[in-house]
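Read the single chain below, which is given as structure tokens and is the form predicted on its own.
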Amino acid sequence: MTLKELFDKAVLREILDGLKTTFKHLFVKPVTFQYPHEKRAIPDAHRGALCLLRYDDGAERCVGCDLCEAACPSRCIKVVSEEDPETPLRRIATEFYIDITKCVFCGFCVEACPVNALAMTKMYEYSTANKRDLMFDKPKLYQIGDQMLVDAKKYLVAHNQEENDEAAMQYRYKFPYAPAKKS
């Protein structure tokens, strides 16, 4: 046994090396977010909760084509559509359901929508004690869309679904809308 090996065993060199690493990290700024109090900046392309969007005049964009339901790999979307009784060639979505517990947030439904009625938001805080609250229906999806409209538009622009200029707004296809007759 050499003198160096004897010295290393007597001083416990491994423990000193571990303490050296500990002291190096003692003065480094922490990278942990204090979550409820500090929020992280989320990019525009983030895939959060789904929402339904309206046109600028308040008309529903969803035409009930069921393409989002067909594109969904986890089969969490259910769309019930029928012909509009006032305009016979126009279909409308009478019911729209998304089970968020099954959703994998892939964005295929948003890409499949021909009129950009669906979008994803930056909303990720929707935990609940009751699993049935995570079954979003049409009014809940429109409520999320109204609250998170800016984020939803940014998502569509980030994924090249819509353009963010005035010329694109003029030439965006809009299905004919007939206001409901009041009786």
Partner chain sequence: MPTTPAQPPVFTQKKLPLLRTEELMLNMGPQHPSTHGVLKVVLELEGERIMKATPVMGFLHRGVEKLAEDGTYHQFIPHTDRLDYVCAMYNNFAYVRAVEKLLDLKVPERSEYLRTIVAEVQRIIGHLFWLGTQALDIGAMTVFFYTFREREFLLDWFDQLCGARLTTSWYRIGGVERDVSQDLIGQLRYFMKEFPPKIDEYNVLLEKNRIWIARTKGIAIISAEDALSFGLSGPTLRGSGVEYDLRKAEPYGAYDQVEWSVPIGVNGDTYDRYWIRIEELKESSKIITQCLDKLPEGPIMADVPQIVAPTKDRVFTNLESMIMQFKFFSVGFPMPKGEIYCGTEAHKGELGFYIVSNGEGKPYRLKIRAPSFIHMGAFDHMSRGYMIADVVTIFGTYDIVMGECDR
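Being a predicted model, the structure only gives us computed values, none of them experimental. Positions refer to the first chain, counted from 1.
One more form of this protein exists, namely the form predicted together with the partner chain; it is left out here, but the text below deals with it.
The partner chain is not drawn, but in the model of the complex it has a heavy atom within 4.5 Å of P114. The partner chain in the model of the complex is not approached by M135, whose heavy atoms all lie more than 4.5 angstroms from it.
A residue is said to contact a partner when one of its heavy atoms sits within 4.5 Å of a partner heavy atom; V31 meets this definition for the partner chain in the model of the complex. Proximity of R47 to the partner chain in the model of the complex falls within the 4.5 Å heavy atom cutoff. The partner is not shown here, but in the model of the complex the stretch 14 to 47 reaches within 4.5 angstroms of the partner chain through a heavy atom at E14, I15, D17, G18, T21, T22, H25, V31, R40, P43, A45, H46, R47.
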